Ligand code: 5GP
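Listed next as structure tokens is one chain, alone, in the form predicted alone.
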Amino acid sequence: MAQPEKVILYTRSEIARRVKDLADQISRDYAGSDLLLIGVLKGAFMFMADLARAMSIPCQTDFIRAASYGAGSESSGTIVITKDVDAEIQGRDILIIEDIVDTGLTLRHIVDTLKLRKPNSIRVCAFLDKRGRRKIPFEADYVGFSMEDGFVVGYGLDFNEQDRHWPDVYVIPNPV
């Protein structure tokens, strides 16, 4: 299968600078707290690893995975947790780490699900915010980069489970 032509959107050096800025802000905001980073699989794993390494405060890490099932590439809007968090959440400060805020549906479901477990606080840190794709109002507390629309790959972001390994982020015009 031929790869669509890709156009660089963010270089690895731009990404590294932005991740460091986010890590510094998060470290200040959560100094002295019992912080648990919860990465949303699969896309957020590279961003979460770089972010955690750049932070100057201790934290624990865990993962969650959610899926929306529907026909073809369209979401049904029904979100299902397919891998839950193992760590205790009650009374802790939770920072959800996500690769992209797109429609807002998945993150809203994850936040609402985790709130039921009575954490001290829940915030969201997203590598990329695609505001033009929102189906419901949702704002991340920390955002690496923003864009209106476009299909992106690299730095954990994929096209059909491929291309996550690229250290830069690319736009793929008209993915098939």
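Because the structure is a prediction, the values reported are computed rather than measured. When you see a residue number, it is the position in the sequence shown, counting from 1.
The next section is about a form of this same protein that is not shown, the form predicted in complex with the ligand.
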- Would you check, heavy atoms only and a 4.5 Å threshold, whether I89 touches the ligand in the predicted complex? no
- Even though the ligand is not shown here, does D102 get within 4.5 Å of it in the predicted complex, heavy atoms only? yes
- Message: Under a 4.5 Å heavy atom criterion, is L157 part of the interface with the ligand in the predicted complex?
- Response: yes
- Quick one: does F151 come within 4.5 Å of the ligand in the predicted complex, counting heavy atoms only? yes
- Message: Check for me: heavy atom within 4.5 Å of the ligand in the predicted complex, for each of E98, T106 and K130, yes or no.
- Response: yes
- Task: Could you tell me which of 54 to 62, 143 to 151, 116 to 124, 24 to 32 sits within 4.5 Å of the ligand in the predicted complex, going by non-hydrogen atoms?
- Result: 143 to 151
